[in-house]
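A single chain, nothing else alongside it, follows as structure tokens in the form predicted alone.
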């Protein structure tokens, strides 16, 4: 789901937009129809944005939308893979929304040389946010804020990171649980968070029960241990709820 009208974003993209500092030079990677850069140009006064898209259809759609809004002087629509669309020192804020966490982490890893001038990352994975948290930690980015929300029956997380600070500080209480559940999301535990992780825990329990019937190969035993550990972590964070 994208724009509800010309000036209003979906809930998940609105959550991304609010973390873009005023005056930022933004690259929106996987921009789809360029809805986010258009919104930022019209409502947040950004001086420059790149709408990057790897697929021809969305790229042409983004071009048409930017032209129709009269924003060709502010938004540069570019076709390319990941951070390929950015020149060195061209932007100071990167947004990547609507992909899996593993893919977002790989985009950042492949384009690391483009991050020299970037002071803020705003990342919205559909799944696998833990992959992003691990990448941020391993590359000295500090997780500043997180949100979790549900829209149209799907759950999304937003992660905001900057370079300044101590990358391990958000994880002081429990590194492993923080990477999996989110060091800011777990203490707050809103209803969407509980829904997501109670569902995940039930899924892990279901898989574990299936493995109980399987031959006890080393791989099966290892998987069972991994699942038991995740279930235990979930129970430590959200309690032993079964509803």
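Residue numbers count along the first chain shown, from 1. Predicted model, so just to flag it, every value in this text is computed and none were measured.
Only in words, not in the display: the form predicted together with ligand SAM, which the text now covers.
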Residue 159: touches ligand SAM in the predicted complex, heavy atom cutoff 4.5 angstroms: no
Quick check on residue 128: any heavy atom within 4.5 Å of ligand SAM in the predicted complex? no
Is it the case that residue 38, even though its partner is missing from this view, gets within 4.5 Å of ligand SAM in the predicted complex, heavy atoms only? no
When the contact criterion is heavy atoms within 4.5 Å, does residue 183 count as touching ligand SAM in the predicted complex? no
Heavy atoms, 4.5 Å, ligand SAM in the predicted complex: which of 69 to 77, 168 to 176, 114 to 122, 99 to 107 makes the cut? Say which one. 99 to 107
Which pick from 198, 207, 54, 192 sits with a heavy atom within 4.5 Å of ligand SAM in the predicted complex? 54
Pull the contact list for 11 to 43: residues with a heavy atom within 4.5 Å of ligand SAM in the predicted complex, in sequence order. 12, 13, 29, 30, 31, 32
